[in-house]
Ligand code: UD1
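Okay, here we've got a single chain as structure tokens, the form predicted on its own, with questions on binding and movement later.
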Amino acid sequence: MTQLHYPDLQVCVLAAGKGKRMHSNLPKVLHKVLGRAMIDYILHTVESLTPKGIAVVTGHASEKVREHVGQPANLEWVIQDKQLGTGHAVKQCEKVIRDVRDVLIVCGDTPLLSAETLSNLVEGHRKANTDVTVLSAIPSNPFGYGRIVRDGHGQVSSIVEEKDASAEQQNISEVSSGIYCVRFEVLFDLLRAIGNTNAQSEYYLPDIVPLALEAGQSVEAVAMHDANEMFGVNDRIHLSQVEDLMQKRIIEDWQRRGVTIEKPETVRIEAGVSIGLDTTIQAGCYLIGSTQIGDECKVGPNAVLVDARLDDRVNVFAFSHIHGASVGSDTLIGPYARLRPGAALDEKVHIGNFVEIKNSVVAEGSKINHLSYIGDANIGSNCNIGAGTITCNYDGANKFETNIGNNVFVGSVTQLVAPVTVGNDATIGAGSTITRDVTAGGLTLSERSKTKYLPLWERPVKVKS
């Protein structure tokens, strides 16, 4: 799609509703779809139109919405103190909209809406030189949407909300998306003329349609190609349905861009994730947050990556969990490994089954293959950490660091009691408890590791006197 640029267009985003059916203390537009708040999607979409400005109407818990969004350069905040309907909400924008040709009105709870669809609406509106243009659709199930009523000549005559529609009108398949493009010169005169004699005693934005026709102004409807784009979230069932549609869109996009995704119906890939060329995502994987995966990686099955960074050709085996960690190229992880925040692995590292690493650096070529815990440590290159080894980094009050040099061999079931440093080329015997620094080179054994443990049948029998 070519770059869009509408310097004479103002966008108005309606985000003031509480969302009663969500049953939440969180404003509806802040509920997340695949890791991002709904309003983030809609703001990203309208920003891609490059309009003159964006006005966001907030009401319920407006401070939470503003704190989440921040203050982009071309965004104006508008408060709707009392939620008296969509028409009343748009009317509050009058004080911040100046010197534009048209106003595009969108809803903050429609995260599937695309910039291409909005551009088609604006272009259709301008090509027909219309005063009021509504974005319409023909969904498989029109329940809940305002029906577009046409006269005998096929011209739009009104938009009737579901709650106020007659039985005959409820059978109409063409519905309003709630998204409008209106000529600025007529918009606020129409809004001031809206009444509230309806089931909810609210000022409905769709009522500008019959008012415009009465005033001799032109009204058109431009149909969207994919009715799913207008899906508005009103409850948590809708939220999960929108998430399913968004997930399908994201997965198909990655597949088109050279990523193999096995059993895509079992995979979760959030909106902030990036994946490199020729990478394979296996069944049951969860890729969450800002996770970045390089080229030619293999992830899964049933691996969970949260805010993780993987360089090229990393192989993450089954059921591994990587959270807030970075992994160098050509590294092997798992199965059943856990990398916690602050773990940083260099190239060609091997992390095996039931190994946990937290806030530690592991240099190139080192191996920690079995049943170990490494916390608050720096491990040099080409080290071998034996099975069952742990860094004892916490004394109950403070955490301390373990430093291990290059080419170190640590025998199985070793405890490194921090703070402690192990020099280059050192060898630590199996079963050792290291409480003091280990000098470079040579073999180091603790007293415990030198104790001979005899089986019961070889031990001397104590005789009572």
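The numbering used is simple: start at 1 and walk along the sequence shown. Please read these numbers as outputs of a predicted model, since none were measured by experiment.
Not pictured, yet referred to below: the form predicted together with this ligand.
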property: Q10, S48 and V182 all contacting this ligand in the model of the complex, non-hydrogen atom within 4.5 Å; result: no
property: Proximity to this ligand in the model of the complex, single hit among T331, Q282, T117, S176 (heavy atom within 4.5 Å); result: S176
property: Of A89, L310, I385, I379, the one that lies within 4.5 Å of this ligand in the model of the complex (heavy atoms); result: A89
property: In the model of the complex, segment of 257-265, 316-324, 79-87, 218-226 with a heavy atom within 4.5 Å of this ligand; result: 79-87
property: Contact label in the model of the complex: E356 to this ligand, heavy atom within 4.5 Å; result: no
property: Close approach of C107 to this ligand in the model of the complex, 4.5 Å, heavy atom; result: yes
property: Partner contact for N196 in the model of the complex: this ligand, 4.5 angstroms, heavy atom; result: no
property: In the model of the complex, Q241 touching this ligand (heavy atom, 4.5 Å); result: no
property: Those residues of 142-179 which, in the model of the complex, come within 4.5 Å of this ligand by heavy atom; result: Y145, G146, I159, E161, S176, S177, G178
